[in-house]
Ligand SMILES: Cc1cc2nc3c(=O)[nH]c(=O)nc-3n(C[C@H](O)[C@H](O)[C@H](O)COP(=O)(O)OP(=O)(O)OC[C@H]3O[C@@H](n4cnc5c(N)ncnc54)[C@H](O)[C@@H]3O)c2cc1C
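Shown here is one chain on its own, the form predicted on its own, set out as structure tokens.
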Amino acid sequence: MNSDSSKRTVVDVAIIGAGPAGAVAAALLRQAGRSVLVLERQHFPRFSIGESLLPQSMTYLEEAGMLQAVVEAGFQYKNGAYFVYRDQRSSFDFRDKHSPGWGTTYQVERAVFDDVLIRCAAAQGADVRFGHTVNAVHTGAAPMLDVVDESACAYRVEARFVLDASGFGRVLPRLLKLEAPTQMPTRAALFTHVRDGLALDDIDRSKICIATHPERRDVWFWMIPLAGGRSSVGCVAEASFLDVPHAQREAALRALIRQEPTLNRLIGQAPFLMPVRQIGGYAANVASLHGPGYALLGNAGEFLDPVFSSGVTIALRSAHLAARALNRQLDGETLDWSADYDVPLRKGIDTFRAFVERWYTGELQDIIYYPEQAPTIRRMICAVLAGYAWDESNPYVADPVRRLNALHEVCKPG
């Protein structure tokens, strides 16, 4: 898929980053006949976190012509999530939800998943260049990128528009100084993969497990069963709580797992299959998701928190909205990027934000574990957990803050 670099490349759309947002945007633009160049600093396959997809994502993979390749890749089937806190357990089946659409998806090793997606985009005609780094950007009606490849050959890309899908690399926010304060506290995660060796009756492999620390409700764990008897496991907390030297990460994560009874029973002694990794300060934001000649996709614009696995869904939704808007602009329409992209994308992000904020205060946990849940309301909550954060027929999307606050008044202890 690598292309020989030249001193000057001219395309309709240049995309920075070959992750899920970049791959889906490239495929959708190619379907409309646009010339697309994808510039990726790394080589694929490469490790990435964010392994539990939400069913809403399947709509965009199908739209991009990638569904068959994903289905045939052999990933772990997923139909829901279950939450654990001390002796309480609450399970959600994403097929029983308020919103229409997919109720199942997959739990994926991102190295394989991302590689599958970008190869699909390349098969549809996108020019994908690995090992190419964007060092400078010139915005405006005819944006330009200064790029260098691994042989130190520099060249310029002239495009009609640029999409930044660089994820946590946040290329345009960094180069154009677009960063804005995030509303989310600074948190971190310790994580690894384990050989779980679990029997089928020990665990429902089709659901992600989200377990709250028995003594600290702002500390939580994930366990994501993957294909082949492998699981992703991690702990999320305020950054100071997980501030341990590199050499002590494995012992720290092992000790934390042993403090949570369910995970200790399931994987307390399971061998770690890779060094324990740490990521911190991942919450990010920008003042605007677009500017003259460019738009920001997925994590390049805003990332909230990993608790509800919303990252890939937001990334794919952003690719869908941006490609649809950009095709209209390239066809000659005068576009209002705020009304056609920024505002509708942030609607779903703000829905997820309301849920994330109330997870860490404990209010959403009270709702999730409430023993007398009304089936209709439960399906509305389930729809958001399944990724349908843009479906405004759901009251918990149309007005999430007020609705969740009112619901908590009913569900709070005492």
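The shown structure was predicted, so the numbers you read here are calculated from the model rather than taken from an experiment. Each residue number is its position in the shown sequence, starting from 1.
This protein has a second form, the form predicted together with this ligand, left out of what is shown; the following refers to that one.
- Using a 4.5 angstroms limit between non-hydrogen atoms, residue 143 is distant from this ligand in the predicted bound form.
- Contact check for residue 279: a heavy atom falls within 4.5 Å of this ligand in the predicted bound form.
- Within 4.5 Å of some heavy atom of this ligand in the predicted bound form lies at least one heavy atom of residue 133.
- Taking the partner from the other structure, this ligand in the predicted bound form has a heavy atom within 4.5 Å of a heavy atom of residue 41.
- Residues of just one listed stretch (222-230, 118-126, 151-159, 80-88) have heavy atoms within 4.5 Å of this ligand in the predicted bound form: 222-230.
- A heavy atom within 4.5 Å of this ligand in the predicted bound form is found for one listed residue only; from 315, 253, 209, 323, this is 315.
- Only one of 291, 169, 173, 103 comes within 4.5 Å of this ligand in the predicted bound form through a heavy atom, and that residue is 169.
- Residues 39, 40, 41, 42, 44, 46, 48, 49, 50, 51, 52 are the ones in 29-56 with at least one heavy atom within 4.5 Å of this ligand in the predicted bound form, listed in sequence order.
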